[in-house]
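Before any questions on how it binds or moves, here is one chain, the form predicted on its own, in structure tokens.
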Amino acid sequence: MSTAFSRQLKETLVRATTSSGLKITILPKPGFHKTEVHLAVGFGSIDEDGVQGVGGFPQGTAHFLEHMLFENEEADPSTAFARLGAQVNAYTAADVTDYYFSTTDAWEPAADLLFLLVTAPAIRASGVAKEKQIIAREIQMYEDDVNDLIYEDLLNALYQNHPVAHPIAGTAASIAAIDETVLQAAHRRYYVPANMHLLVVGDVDPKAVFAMAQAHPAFKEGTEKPDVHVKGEDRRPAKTSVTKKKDIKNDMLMLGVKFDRPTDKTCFENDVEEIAWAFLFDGLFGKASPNYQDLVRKGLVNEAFEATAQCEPDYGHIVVYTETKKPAAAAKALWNLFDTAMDKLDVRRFEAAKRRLIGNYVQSFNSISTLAGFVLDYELENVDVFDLIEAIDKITLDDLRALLPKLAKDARTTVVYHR
């Protein structure tokens, strides 16, 4: 076991790895009544293509497998957790499938149930057929949601081959190709302890958490982590613009800029870069900024406006979104803000944004669920959240200016949905 302590936060992180290869992170919260337990598996939609000659799986396999773990003809897992005073849930993302529960009762019985749920599913043909209908309805719901559609169109415009553009739930055609043998094969490859991360946050004894995981039959000895997906692309997008007609109240605009990947940056450096982008966005068009107020006054953006950045080992991009009655003018104004950003960054606003973000991170340590999700995201990348919070204070305006060359015109994509 190793222990990290933050003098600034007065918080402790305990880390360990069992003999099976299972990584464990524990954040003790003495005096808190709630405990949250996550068992995250390193298998998401970007892994479905396969790696280094290893065969892939149909799009939507990771998400389908998540569903199947809760499909039990003999006993409903959610009901079993509820009997133990625990609420269970799960989600699938591009690079992870996370199973978790929270409880104010004893955490160990629910953890035992979670470990078995994830590692020993009963995947049968009858259950697959039933779940296929449920997922098909989910996919239809996604296809009816214009917010999901415009983002999917942006990713497909940005990326030429990278599976990050694939829909996490798959397509009607791809899930039709999934059967019990596909799901069992995916489970055997990816659902091994060395490809899992256990996070426990609450008033717990770290030694007891480790002892339970070390001895639990769900985590067998000597597993190895499967190869991960790395498939870099240059910054040129597949399409520079997409325009579609939709039955919507307001026109919708989404701008994207694709970054060169892979880079030699570490996950820690990527996370610091994401935070620097957030500061840049705040300085250019944060909702209290003069630029944003000017865009609103001209009718170019509304309250739905948002901007985000994602920096991963083999893909990265920024996304700017708004509803607007003037998409062409809005796009021109927003691109102009990026092009003239060198002269628009204010040191006082930047320092205020840093203090605000650090305050938000500190505040998250008062909520078990918020804290668990926050810490898990970084632990999965082997990034120390304490080090990251300290790094925020070291970001300078020069760091923000150093990002601007990534906004090259040949890396940009514009997607418009017209009424």
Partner chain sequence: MESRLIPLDGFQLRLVPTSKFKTAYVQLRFSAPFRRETLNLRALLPYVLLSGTRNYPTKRRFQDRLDDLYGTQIGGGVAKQGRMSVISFSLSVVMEQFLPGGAKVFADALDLFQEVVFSPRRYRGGFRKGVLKDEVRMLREDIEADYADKAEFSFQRMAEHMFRDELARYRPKGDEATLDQVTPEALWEAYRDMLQNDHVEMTVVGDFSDDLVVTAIRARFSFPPRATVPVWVDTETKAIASPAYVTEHGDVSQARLQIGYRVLVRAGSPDYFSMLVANALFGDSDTSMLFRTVRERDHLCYYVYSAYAAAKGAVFVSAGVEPGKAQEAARLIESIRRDVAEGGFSESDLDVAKRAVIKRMRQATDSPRGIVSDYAHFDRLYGRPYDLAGNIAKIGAVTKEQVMARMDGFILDTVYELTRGEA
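Just so it is clear, the structure is predicted and the values come from calculations on it, not from any experiment. Numbering follows the first chain given and starts at 1. Between two forms, the rigid core is defined as the largest C-alpha subset superposing within 1.5 Å.
Although it is not shown, the form predicted in complex with the partner chain is what the next lines describe.
S.K.: Give a yes or no for residue 33: in the predicted bound form, does one of its heavy atoms lie within 4.5 Å of a heavy atom belonging to the partner chain?
M.R.: Close contact exists here: in the predicted bound form, residue 33 approaches the partner chain to within 4.5 Å, heavy atoms only.
S.K.: Considering only heavy atoms, tell me if residue 388 and the partner chain come within 4.5 Å of each other in the predicted bound form.
M.R.: Judged by the heavy-atom cut-off of 4.5 Å, residue 388 is well away from the partner chain in the predicted bound form.
S.K.: Residue-level question: is residue 224 within 4.5 Å of the partner chain in the predicted bound form, judged on heavy atoms?
M.R.: Although the partner chain is absent here, residue 224 would stay clear of it in the predicted bound form, with no heavy atoms inside 4.5 Å.
S.K.: I'd like to know whether residue 349 contacts the partner chain in the predicted bound form, with contact meaning heavy atoms within 4.5 angstroms.
M.R.: Yes - in the predicted bound form, heavy atoms of residue 349 and the partner chain come within 4.5 Å of each other.
S.K.: Heavy atoms within 4.5 Å of the partner chain in the predicted bound form: which of the stretches 301 to 309, 193 to 201, 170 to 178, 330 to 338 has them?
M.R.: After filtering at 4.5 Å, what remains is 301 to 309.
S.K.: So, a 4.5 angstroms cut-off on heavy atom distances: do all three of 84, 356 and 363 pass it with respect to the partner chain in the predicted bound form?
M.R.: The answer is yes; 84, 356 and 363 each reach the partner chain.
S.K.: Pick from 260, 138, 108, 269: which has a non-hydrogen atom within 4.5 Å of the partner chain in the predicted bound form?
M.R.: The residue from 260, 138, 108, 269 that makes the contact is 138.
S.K.: Note which of 296, 120, 211, 242 lies within 4.5 Å of the partner chain in the predicted bound form, where distance is taken over heavy atoms; exactly one does.
M.R.: None of the other options qualify; the answer is 296.
S.K.: Superpose on the rigid core, then tell me if the C-alpha of residue 93 is displaced by 2 angstroms or more between this form and the one not shown.
M.R.: No; that C-alpha moves by less than 2 Å between this form and the one not shown.
S.K.: Taking the rigid core as the frame, does residue 132 move its C-alpha by 2 Å or more between this form and the one not shown?
M.R.: Shift at residue 132: below 2 Å after core fit.
S.K.: Would you say residue 120 moves between this form and the one not shown, meaning its CA shifts by 2 Å or more once the core is fitted?
M.R.: After core superposition, the C-alpha of residue 120 moves less than 2 Å between this form and the one not shown.
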